[in-house]
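Below you'll find only one chain, the form predicted alone, shown as structure tokens.
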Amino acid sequence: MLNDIITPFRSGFDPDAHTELRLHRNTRRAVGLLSGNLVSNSRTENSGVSARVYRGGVYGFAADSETSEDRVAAVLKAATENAAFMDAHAGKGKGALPLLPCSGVDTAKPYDDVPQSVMIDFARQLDEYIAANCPKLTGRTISVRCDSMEKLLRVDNGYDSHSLMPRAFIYLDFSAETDAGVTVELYDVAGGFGGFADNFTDPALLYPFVDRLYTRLMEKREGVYADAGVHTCILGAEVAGILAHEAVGHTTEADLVLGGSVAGPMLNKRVASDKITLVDYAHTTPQGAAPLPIYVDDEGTPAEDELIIDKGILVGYMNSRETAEHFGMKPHGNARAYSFMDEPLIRMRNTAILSGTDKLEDMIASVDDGYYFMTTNNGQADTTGEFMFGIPFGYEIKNGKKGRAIFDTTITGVAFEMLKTADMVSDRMDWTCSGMCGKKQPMPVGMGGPDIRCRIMVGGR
């Protein structure tokens, strides 16, 4: 755990500016097995101290990878001088940022950072089961990935905080061949918040996870190509989650709104059917703890939920303290930095479309000729809300019944138009937090959603 050497430097904060002083440490652990052979084994750590000072509408920033008291003093001094220089030469003449309530939150709980050998042994036991029980595989990869982000933050106004966010995942990548010799692939991921030992205690507990992935791959091996064109489809919960993050969430980040995103002129207007409500949760969801709980952001703002779409109406943006002042909104703790050398950016936390009241079986029964897209393996969207997601697994729906599995395909559309066609939303909801958002800096994020029936463009063969 980080040793608090920065609190004594609070007395050195410039009384005429807003100051953030952050001690920060990231860790990454990785183990990889390819067809039973160890191909990767690494442990890395990245740590340092940074300071950011706001004066006159501009920021000064400084960082150092050394965390001695001398370097903390030097970083604080440099950031303060940088802010004064920027104010003198490029200042906007603005006053201080609106005041925040002041307090402190310490949610950092130690976890067991297990040796590499524990992860290797676990992966090998899991690989032995796969080799013995999945005879038609032509390739198999097991990837163990663990990371953590610990931050100690001191601010002149707002919340001091100490947080630690570990994650641990096991990725399985399987491949097989069709009778025609075409390679088909599928992957899935298990794990979540916490260290390796918190998530994985016995390889046998993952055998059902392995069996499900193998069964799906064998179905895909006998699959068919989707027909290109616009179809009535059901987006599975995982697909709805990435839609919430990539195609809607990013367009409502206030820095991208200022850059011209489609959400700019749409505030308080309809962007989806009244079945759609979208929230960026801070630390607690209706289902319990958020996948990656955030209690205070890196500007010292206490984290609260951000309601973005309320029954189809765009009602909010995600903000930093500065953009919140610009838009006349309340900041809800979305400014986050990935490493000690990064300044905070507006980032999503746990973004999700809320569940509805429909049963998935009724949704499938309502589709005469369409598809049920269950998983996604990649996706991209731009600030217009136009998106394209890869679909590695799904089923065709014929006459209200789930049919054959499909080969890889894509779906595309414009989020604010496509979501207006959403007319059924399931009463169940899934979350995932294995991904990294790539907006300038990587950042762990959670995303979730229900099943959604809608009209969407499907790519064909």
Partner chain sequence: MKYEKLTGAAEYALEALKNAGADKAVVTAFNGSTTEFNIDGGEFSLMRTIFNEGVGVTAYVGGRNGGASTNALDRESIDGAARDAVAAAQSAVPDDAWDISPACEPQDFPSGALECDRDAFFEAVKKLKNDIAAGWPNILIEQLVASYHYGASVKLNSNGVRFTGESGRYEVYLMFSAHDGDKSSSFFGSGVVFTDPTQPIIDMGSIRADLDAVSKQTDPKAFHGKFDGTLVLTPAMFGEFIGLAAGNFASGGVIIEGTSPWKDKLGTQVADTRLNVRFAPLDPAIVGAERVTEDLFVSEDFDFIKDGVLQCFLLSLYASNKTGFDRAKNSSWALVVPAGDTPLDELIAGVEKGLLLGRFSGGQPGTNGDFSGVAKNSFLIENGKITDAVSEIMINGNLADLLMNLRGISKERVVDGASVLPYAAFDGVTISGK
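As the structure is a prediction and not an experimental result, all values here were calculated from the model. Numbering follows the first chain given and starts at 1.
There is another form of the same protein, the form predicted together with the partner chain; it is not shown, and what comes next is about it.
Interface residue among 381, 363, 335, 292 relative to the partner chain in the model of the complex, by the heavy atom within 4.5 Å criterion: 381. Proximity to the partner chain in the model of the complex, taken as a non-hydrogen atom within 4.5 angstroms, holds for one residue of 215, 138, 103, 357, which is 138. The partner chain is not drawn, but in the model of the complex it has a heavy atom within 4.5 Å of residue 65. Within this chain, residue 313 is remote from the site of the partner chain in the model of the complex, having no heavy atom within 4.5 Å. Among residues of the shown chain, residue 133 is not one whose heavy atoms approach the partner chain to within 4.5 Å in the model of the complex. Though the partner is left out of this view, residue 160 does not reach within 4.5 Å of the partner chain in the model of the complex, counting heavy atoms only. For the partner chain in the model of the complex, the listed stretch (260-268, 187-195, 301-309, 363-371) containing residues with heavy atoms inside 4.5 Å is 260-268. For a residue to qualify, one of its non-hydrogen atoms must sit within 4.5 Å of the partner chain in the model of the complex; none of 99, 284 and 329 qualifies. Of the residues in 421-458, those that come within 4.5 Å of the partner chain in the model of the complex through at least one heavy atom are, in sequence order, 440, 457, 458.
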